[in-house]
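The chain below stands alone and is given in structure tokens; this is the form predicted on its own.
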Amino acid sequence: MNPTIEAMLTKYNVTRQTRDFISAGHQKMFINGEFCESDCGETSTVEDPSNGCPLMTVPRGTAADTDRAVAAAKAAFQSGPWAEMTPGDRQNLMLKLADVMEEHAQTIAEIEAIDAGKAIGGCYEVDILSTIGHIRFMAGWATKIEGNTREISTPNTFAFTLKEPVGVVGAIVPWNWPLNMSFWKMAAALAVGCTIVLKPAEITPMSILYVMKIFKEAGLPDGVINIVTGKGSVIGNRLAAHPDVNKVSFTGSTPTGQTVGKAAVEGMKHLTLELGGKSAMVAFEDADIDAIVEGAHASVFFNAGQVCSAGSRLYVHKEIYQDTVDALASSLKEVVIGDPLNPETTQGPQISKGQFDSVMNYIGIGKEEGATLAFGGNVVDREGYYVEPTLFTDCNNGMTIVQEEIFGPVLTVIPFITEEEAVRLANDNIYGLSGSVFTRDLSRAIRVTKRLETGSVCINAHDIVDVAMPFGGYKMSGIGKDMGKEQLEHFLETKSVIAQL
């Protein structure tokens, strides 16, 4: 084990399971109930973004590995223990898996924090506990999938519909929420009876591999969940094009999603794409400034700004503009940048050198375009890929930093005067993933909410996410929904049946 990693594990007194998992130095991918190496024998190195040190190696999967995983998933869907389970059996198994995850919650949080650079406090609550709750919520729907009878105009007939699982699901997840996004894709699919081949992000595969170890011990049938590690250009492309994959569910950037979507459409697959965002927060003159600040910290400055639904465009009425800017700048002084495993840390590193460079490049562009740097904008003087929380003022909608997704702790603030202007500015973007309205006027809140071109809106908060509510975007932010009962439909086929009596 790398001495820096060893010292970190010792300093923060991680669980024995975390230490054993990381000290192994290499983890295998999971196909048909077995941990295995890649067909080609090659590996990829996973690093710790808080110091740039190597954590472990994992197999670099191939198209042949993906084919093996799809074959296993198809076999499990068509025959064997999983195919024979009743809805109640699936519900009970999912609840058992959630219980096992809860028993290992601290270990999973530690692994996720180390691998993805997440502050452990937020990671434990938001990433791990919410994922466990997500599985339990979707487990309850396993026994509530229903078709219905129809009164049709053809005489002497009996007509009804059946809801049937689509089959094999190819799930492709991003690096910013490795475990959370995995179960956003898998829980609903499992509830309705699908099987899964999941490709984790190449740089953050650790938590889902650990979870598969405990799932296997808990009795997950072979082939139901398969994990293929490696490059998206190899595994993701093969999943999207594979003739035996019936549904593709992808979360990631819009350009990559377009590529995945084209391949999936050519194969006439069911498709869900949750893509980029550049979400708007709109604050009127009667808004609670403390609520605005809290909303910004809950999205733009949470997870080092690596949040697709972050409210990174803040439009503030001119009457409270300066007070809001001052309150934001003051609050950013309280951000604690540090080791992800330190319970006091509130902001960890960017995920990689490439992402760090991208964020710093955008900050440079903001300065060049004439925005005022009101706070931060500097590299943090320590090992790893750390960027100060950054606040830009004197911005306008024509600026690159206002229009493009930065995916870092960078907030732009823009004044407005009228409600009409606020709505126009908020909708002036190719994305439409999330949004928020801050006002004490309920009529105005609802009026503006209905006019915002975005998939979800919060009132007097930003980025409240709950498994009971569907999540997905408008415009270039994607198609389809994750979460909520609405997600179930994306994993089901509807069959019409008419019997001549």
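Here the structure is a predicted model, which means the values were calculated and not measured. Counting begins at 1, following the sequence as shown.
Keep in mind that the form predicted together with ligand NAD is not shown, yet the notes after this line are about it.
In the predicted complex, at least one heavy atom of residue 251 sits within 4.5 Å of ligand NAD. Ligand NAD in the predicted complex is approached by residue 199, whose closest heavy atom lies within 4.5 angstroms of it. Interface residue remark: residue 418 is not counted as part of the site for ligand NAD in the predicted complex, having no heavy atom within 4.5 Å. Shown alone here, residue 339 lies farther than 4.5 Å from ligand NAD in the predicted complex, counting heavy atoms only.
Contact check for 172, 260 and 274: all three have a heavy atom within 4.5 Å of ligand NAD in the predicted complex. Comparing 234-242, 312-320, 289-297, 376-384 against ligand NAD in the predicted complex, the single stretch with non-hydrogen atoms within 4.5 angstroms of it is 234-242. This chain is displayed alone, yet in the predicted complex one of 176, 350, 91, 393 has a heavy atom within 4.5 Å of ligand NAD; that residue is 176. This chain lacks the partner; the member of 114, 308, 189, 208 within 4.5 angstroms of ligand NAD in the predicted complex by a non-hydrogen atom is 308. Contacts of stretch 388-415 with ligand NAD in the predicted complex, defined by any heavy atom lying within 4.5 Å, are made by 405, 407, listed in sequence order.
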